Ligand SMILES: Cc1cc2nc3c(=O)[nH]c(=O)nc-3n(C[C@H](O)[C@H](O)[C@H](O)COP(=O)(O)OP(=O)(O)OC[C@H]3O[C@@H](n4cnc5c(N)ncnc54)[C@H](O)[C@@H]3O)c2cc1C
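Here we start with a single chain on its own, the form predicted alone, put down as structure tokens.
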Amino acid sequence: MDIFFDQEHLALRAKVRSWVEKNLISAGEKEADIEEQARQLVHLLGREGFTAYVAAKKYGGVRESVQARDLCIFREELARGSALADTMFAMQALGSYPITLAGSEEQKKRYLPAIAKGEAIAAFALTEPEAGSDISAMQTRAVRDGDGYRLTGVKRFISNAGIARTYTLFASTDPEKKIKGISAFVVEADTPGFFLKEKTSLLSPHPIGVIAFEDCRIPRTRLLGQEGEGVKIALATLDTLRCTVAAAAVGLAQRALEEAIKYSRGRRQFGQALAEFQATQFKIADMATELEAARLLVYQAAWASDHRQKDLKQKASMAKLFATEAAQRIVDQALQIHGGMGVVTGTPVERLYRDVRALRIYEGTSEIQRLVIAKGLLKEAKEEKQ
């Protein structure tokens, strides 16, 4: 795997892995309120200098520009230790990247340093009750009002809803243009007219909910880029960060494989360890092979992102599709090896079983990834024929 990384990446992985072993795996699960846990994790990740990798050096980051390979390393290693830690790191990246991508110098200086330090929690507000994969169905409006905009609408399934300070919001400034009339904004949590409408309980808990905008006025300086560039900004963000979702899947699958091997060596049935049965060995072999294939696709996509390869979209979609689907199968087999213990609440594989499911849905479902891949291949074939 080292062909995709330089020595700095390898040193970073070793550092993050050591931190995860000490602070997440060895420490175990904590019985704190989920929102409080989330805040503490962002603080810890910031204090350790980890969240600094979501911003460029000029704005409190580590490198000259944000690297997908760095983000993948973090998500893989953090997910191996804690799905919540991975989510909180991921949202710092997802919520801030549109600002990195399209923000003015003033906007970058205002928002990125605090996010990079873990002092401000970020959020990405795109999904709505009637607009998930179909962005063109967006109903949230941003209407010109003097030197600013008035926001109205509802956003659903917004991670960090209620605890974030900085929200990247997508709203329509010109409904007649449909998808080409969507714009991107930065909204601060204390803006009058901005409300947390609902906290949503999930299979794998993390702070998430419904937010609403009721005659919420923001100045024009909160617009990211130009009007009508919202979808372009959103898709560019997702294309860059999609491989990091796949990296998180690899981390969860790695932990599942480790737990399966550990349990199968210690659990005895019919006079021998489970690991000595050929049926168990076949499961472990298949799990390890799928994991390695997923890891290769993820690292290839991350490398393509950092080197601005033109086939990034397709490689990122392939990585997310395969890695998240493979992780689901790997975790399922790990639970099967555990037998009855696998469904006991609080055991590592039971938590992994709940944690892994959402990855096949958010930031583009598996079905959407298949469409992206197929359309890209068909387009290439058409262009070659002409």
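Predicted, not measured: the structure shown is a model, and the values here were computed from it. From 1 onward, residues are counted along the sequence shown.
As for the form predicted in complex with the named molecule, it is not shown, yet the points below apply to it.
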task = Please state whether all three residues 51, 66 and 116 have a non-hydrogen atom within 4.5 angstroms of the named molecule in the predicted bound form.
result = no
message = So the named molecule isn't shown here. In the predicted bound form, which residue out of 245, 302, 126, 85 has a non-hydrogen atom within 4.5 Å of it?
response = 126
note = Only hit among 202, 234, 296, 101 for heavy atom within 4.5 Å of the named molecule in the predicted bound form is 202
task = Spot the stretch among 58-66, 38-46, 340-348, 357-365 with residues whose non-hydrogen atoms come within 4.5 Å of the named molecule in the predicted bound form.
result = 357-365
ask   = Is residue 133 close enough to the named molecule in the predicted bound form to count, meaning some heavy atom within 4.5 Å?
value = yes
message = in the predicted bound form, does residue 373 come within 4.5 Å of the named molecule, counting heavy atoms only?
response = no
Exercise: residue 92 in contact with the named molecule in the predicted bound form, heavy atom 4.5 Å = no
query = If you check in the predicted bound form, is residue 315 within 4.5 Å of the named molecule, heavy atoms only?
reply = no
task = Give, in sequence order, every residue of 316-349 that has a heavy atom within 4.5 Å of the named molecule in the predicted bound form, or say none if there are no such residues.
result = none
